[in-house]
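Consider the single chain below, provided in structure tokens and representing the form predicted alone.
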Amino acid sequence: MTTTPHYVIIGSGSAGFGAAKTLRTGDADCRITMVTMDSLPFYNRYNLPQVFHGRHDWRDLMDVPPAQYAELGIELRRRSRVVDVDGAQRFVSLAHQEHVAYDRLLVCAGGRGYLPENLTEYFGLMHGFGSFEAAMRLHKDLPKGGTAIMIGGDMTGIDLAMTLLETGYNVTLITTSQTFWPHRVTTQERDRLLAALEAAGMKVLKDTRAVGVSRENSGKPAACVTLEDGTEVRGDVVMPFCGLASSVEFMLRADVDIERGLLVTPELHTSNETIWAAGDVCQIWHDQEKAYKFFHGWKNVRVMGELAARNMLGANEIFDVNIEDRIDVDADGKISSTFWIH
């Protein structure tokens, strides 16, 4: 007598939802549980800058209607934080003491915004942008025509910055080594890209470093950044966009190999036979370069989720590690990036 397999997915973003749909297509009878800290069902975070174009209803950002979870037989566990994975006994522990057993596990936990170590003490003073709620707080706290100070300027941040410029706001960019992350650019390429941002109306501060963040008035958002030479840069809000750090802390007892992310084969399989990983949380083996590499961006993440799910069902597909990674300035002087491709 066979039992119905239980697939548990940690994370409800593009990779996680794509995996859940693929699992349901491949096995009409399996049990699927999706665990997420988010309060909302799956929406496309790449569309969050649209709040500055007037899209203030979270339902307008949904990629699929919430009812589709029930239609697909997906149990969605919202506001649930995973604190531990027991890879030997095959169960996931949640912060409220519940244990969820699984037959096969897919980790799509993504990452959190990386912040340079010298700025970590100021984390609570800055605005995030990783959720709908955070995007709406930024929209509320940034006055019309006001100035956003952006530290770093990764590709998610650059996308937001361009939207702010287009909708009547001002942006001051304090560059770091993470500017244009996850792209790796030469000095010449970086100068050309920064020139394109300046031509679009952005104020770019190069060859300096942010060392402090402060409020101008008690109870107000942080509005001042101190540079290493003592110069103070003032605006209305301060936002760090310095890339991602993979969320892997809860996987320490999972019997998987971890570096900066979960190490996986090109089939997205970890060193534990019942655990796979997809999206920003994993580093995939690149045999030609003899190294584990991250592959970021909406398109890559969705492809990984669906591929991992097919392999969990018994396929043996390989993720294409030779995908195009390109950033450039087009004929109109605008930055184009494969990171933004949906």
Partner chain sequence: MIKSNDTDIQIAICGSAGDGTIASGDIMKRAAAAMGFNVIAFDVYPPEIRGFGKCISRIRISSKQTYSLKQESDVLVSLNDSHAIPHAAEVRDFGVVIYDDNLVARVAEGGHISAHIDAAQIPYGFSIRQISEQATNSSRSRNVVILGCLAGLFDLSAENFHDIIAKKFATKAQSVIDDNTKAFDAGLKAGRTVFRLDDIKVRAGKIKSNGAEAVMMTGNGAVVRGFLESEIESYFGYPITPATSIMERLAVEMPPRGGKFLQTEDEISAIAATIGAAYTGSRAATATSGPGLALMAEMIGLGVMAEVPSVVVVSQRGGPSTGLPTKTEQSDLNLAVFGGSGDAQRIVLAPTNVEGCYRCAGMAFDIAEIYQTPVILLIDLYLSNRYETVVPADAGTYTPKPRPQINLEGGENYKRFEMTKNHISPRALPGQPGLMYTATGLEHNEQGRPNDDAHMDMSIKRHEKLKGAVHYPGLNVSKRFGDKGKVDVGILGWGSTFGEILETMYQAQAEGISCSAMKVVMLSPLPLQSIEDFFDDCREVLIPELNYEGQFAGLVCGALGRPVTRLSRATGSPMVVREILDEVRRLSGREPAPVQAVGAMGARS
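Residue numbers count along the first chain shown, from 1. Predicted, not measured: the structure shown is a model, and the values here were computed from it.
Another form, the form predicted in complex with its partner chain, is not on view; read the next lines as being about it.
With its partner chain left out of view, the stretch that reaches within 4.5 Å of it through heavy atoms in the predicted bound form is, among 121 to 129, 104 to 112, 156 to 164, 136 to 144, 136 to 144. Against its partner chain in the predicted bound form, the set 174, 203 and 213 makes no contact: no member has a heavy atom within 4.5 Å. When its partner chain is considered in the predicted bound form, residue 148 lies well away from it, no heavy atom lying within 4.5 Å.
Among residues of the shown chain, residue 39 is one whose heavy atoms approach its partner chain to within 4.5 Å in the predicted bound form. Among residues of the shown chain, residue 53 is not one whose heavy atoms approach its partner chain to within 4.5 Å in the predicted bound form. The shortest heavy atom separation between residue 269 and its partner chain in the predicted bound form exceeds 4.5 Å. Residue in contact with its partner chain in the predicted bound form (any heavy atom within 4.5 Å), chosen from 189, 98, 198, 86: 98.
In the predicted bound form, the residues of 56 to 71 lying within 4.5 Å of its partner chain by at least one heavy atom are, in order, 58, 59, 66, 69.
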